[in-house]
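Okay, so here's just one chain, in structure tokens, the form predicted on its own.
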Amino acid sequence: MITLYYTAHTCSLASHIALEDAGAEYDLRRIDFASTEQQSPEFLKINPKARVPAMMTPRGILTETPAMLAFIAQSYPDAGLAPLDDPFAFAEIQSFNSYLCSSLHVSHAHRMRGHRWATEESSFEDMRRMVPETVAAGFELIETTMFKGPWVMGDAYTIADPYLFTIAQWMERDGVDPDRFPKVADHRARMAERANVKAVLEVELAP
């Protein structure tokens, strides 16, 4: 059995959607950021990074969304969430997901997590001012170069799609106009209409 440790409005949404897409049997454990549960001794035993998502599997704990998405795709091959028989195509998915994780998500985090990189309030303010520009630059690269269409990697829906959907939901809060990126905006709208996505959002956004 898999247990996903998650918090609403975070990148854990991507793995949650992928588990639904895979038809996996899994449990959910919500981590309450408001009470700093992510820093509790109990959760630090699960993930010493004090972040979500984390995934308990029969073989141990996984963290970092690209790794978790790859694990889901490989554990449930019949769901067809990645081209597992094509090493290059699978690596392309990993490349896209790694960009979301290491670049675009980091740009987004500068809006409210400046303490990870600096200590002065003036530095935090400068980071926040840059967020609309740096996040937009990331989406510009996706829009013009990386997005194949109609899904991220082309005709086939893959584990890259819930991840892009998750981060694209933050555009407005990051000061980015989705209308600047019609491919990404259309993808976000189509993802939002998928039954599995609706089901997951209903669970995550419940009081």
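Predicted model only: the values in this text are computed from it and were never measured. When you see a residue number, it is the position in the sequence shown, counting from 1.
The following text describes the form predicted in complex with a further copy of the same chain, which does not appear among the structures shown.
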Report task. Classify C101 as contacting or not contacting a further copy of the same chain in the model of the complex by the rule of any non-hydrogen atom within 4.5 angstroms, answering yes or no. Result -> yes
Requested in this report: Tell me, yes or no, whether G80 is in contact with a further copy of the same chain in the model of the complex, where a contact means a heavy atom of each within 4.5 Å.
Outcome: no
Query raised in the report: Do L164 and a further copy of the same chain share at least one heavy atom pair within 4.5 Å in the model of the complex?
Result: no
Requested in this report: Spell out, yes or no, whether the shortest heavy atom distance between P41 and a further copy of the same chain in the model of the complex is within 4.5 Å.
Outcome: no
Query raised in the report: Based on heavy atom distances of at most 4.5 Å to a further copy of the same chain in the model of the complex, which listed stretch, 57 to 65, 27 to 35, 149 to 157, 174 to 182, is the contact stretch?
Result: 57 to 65
Query - Contact check for A168, R190 and L201 against a further copy of the same chain in the model of the complex, heavy atom at 4.5 Å - result: no
Report summary line: Those residues of 3 to 18 with a non-hydrogen atom no more than 4.5 Å from a further copy of the same chain in the model of the complex are none
